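The chain below stands alone, shown as C-alpha cells; this is the form predicted on its own.
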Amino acid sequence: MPFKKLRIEITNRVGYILLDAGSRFNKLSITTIRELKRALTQIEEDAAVNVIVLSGYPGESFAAGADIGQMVHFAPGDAFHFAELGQSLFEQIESSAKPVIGALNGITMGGGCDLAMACDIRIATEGLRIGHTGAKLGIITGFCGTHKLPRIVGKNYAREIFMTSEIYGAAEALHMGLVDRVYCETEFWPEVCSFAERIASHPLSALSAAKRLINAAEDTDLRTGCLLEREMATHINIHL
C-alpha cells in the first residue's frame, strides 16, 4: 500500500522516512501516525538498513504538532485513543533495534516535539522553531511529553517550555539539551546524511545493544546496569 503522507528512501545502509504532507506543515494526523508506524516496521524489517533518519526535509517543518482540526471534534474516548496511538508510535521508535535520528529541518511543535524526543539523536537546522504550545491552546497532546521532556532537559526547563508555550530557536534548544547538534541551512542535510552513514557503518548488533542499555540506564541502578552490560557483552561478536 503506497504512503500518502511520507516517503521512504534507502541509501548506504540508512533508511530515510521523510514526512511530506503536501502542504507547508506536517501535521500528526491519525493517518500520518499510522503511516509512520507502518514505515518504521518496513524499515525495521529491512536487513540492508542499520540506521533510521526521520525528517521533514526539504520542507519547512519536521512536524507541526497534532492535527488540531481533528482534535477539536474528539469525544473523550477519541482523545484517549489518539493519545494511545501517538504513544505507541513513540514506543516503537524507542524500542526499535536500530538507532533513530531525528533531523529537525524546521518547525517542530507540540506533538512534533514529542516525536523528536522519541528519537535517539536530534540534529537541527539553524532555522529550527521548537516548543510545546499546548497550554496556550488549552490542551495536552497525551503523547507523554510531560514525562519525557524533564528526562531530557531537566524539570526546570521542562516547566518553562510547557507553561510559557514559547517557541525556541536552535541555539536555545542546544543550550537546554533538547537537540544534540545544529548546522546552518546549507550544511544541514549533508551533515545529517554523513552522520547517519558513519553510525550505519558499524555492526547493528553493537548499535542495538548500546541503545537498549543506554535507554535502560534511566530506570536502572548502576549495579544492575553493569550486570546487564556484562551479560549483553557475552553475546556480541567482534567485527574486525
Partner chain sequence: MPERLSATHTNSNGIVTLTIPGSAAASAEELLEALRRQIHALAGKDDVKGVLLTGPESGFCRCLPVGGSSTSAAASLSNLGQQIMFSLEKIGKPCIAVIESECSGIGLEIALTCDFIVAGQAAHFGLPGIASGLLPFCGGSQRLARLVGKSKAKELIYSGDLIDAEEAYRIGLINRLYPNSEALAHAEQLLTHICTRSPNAIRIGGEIVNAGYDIDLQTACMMERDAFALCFASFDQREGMQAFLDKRPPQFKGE
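From a predicted model like this one, the values you see are computed outputs, not experimental measurements. Residue numbers count along the first chain shown, from 1.
If you look for the form predicted in complex with the partner chain, you will not find it shown, but the lines that follow are about it.
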Original post:
Which residue among 83, 119, 170, 89 has a heavy atom within 4.5 angstroms of the partner chain in the predicted complex?
Top reply: 83
Original post:
So in the predicted complex, does any heavy atom of residue 110 sit within 4.5 Å of the partner chain?
Top reply: no
Original post:
Taking 4.5 angstroms as the cut-off for heavy atoms, does residue 175 touch the partner chain in the predicted complex?
Top reply: yes
Original post:
Any of the heavy atoms of residue 142 lying within 4.5 Å of the partner chain in the predicted complex?
Top reply: yes
Original post:
Heavy atoms within 4.5 Å of the partner chain in the predicted complex: does residue 210 have any?
Top reply: no
Original post:
Where, among 29-37, 184-192, 199-207, 61-69, do residues come within 4.5 Å of the partner chain in the predicted complex by heavy atom distance?
Top reply: 61-69
Subject >> Non-hydrogen atom within 4.5 angstroms of the partner chain in the predicted complex for each of 221, 224 and 230 >> reply: no
Original post:
So which residues in 135-160, when you check the partner chain in the predicted complex, have a heavy atom no farther than 4.5 Å from it?
Top reply: 135, 136, 137, 138, 139, 140, 141, 142, 143, 144, 145, 146, 147, 148, 150, 151, 155, 156, 157, 159, 160
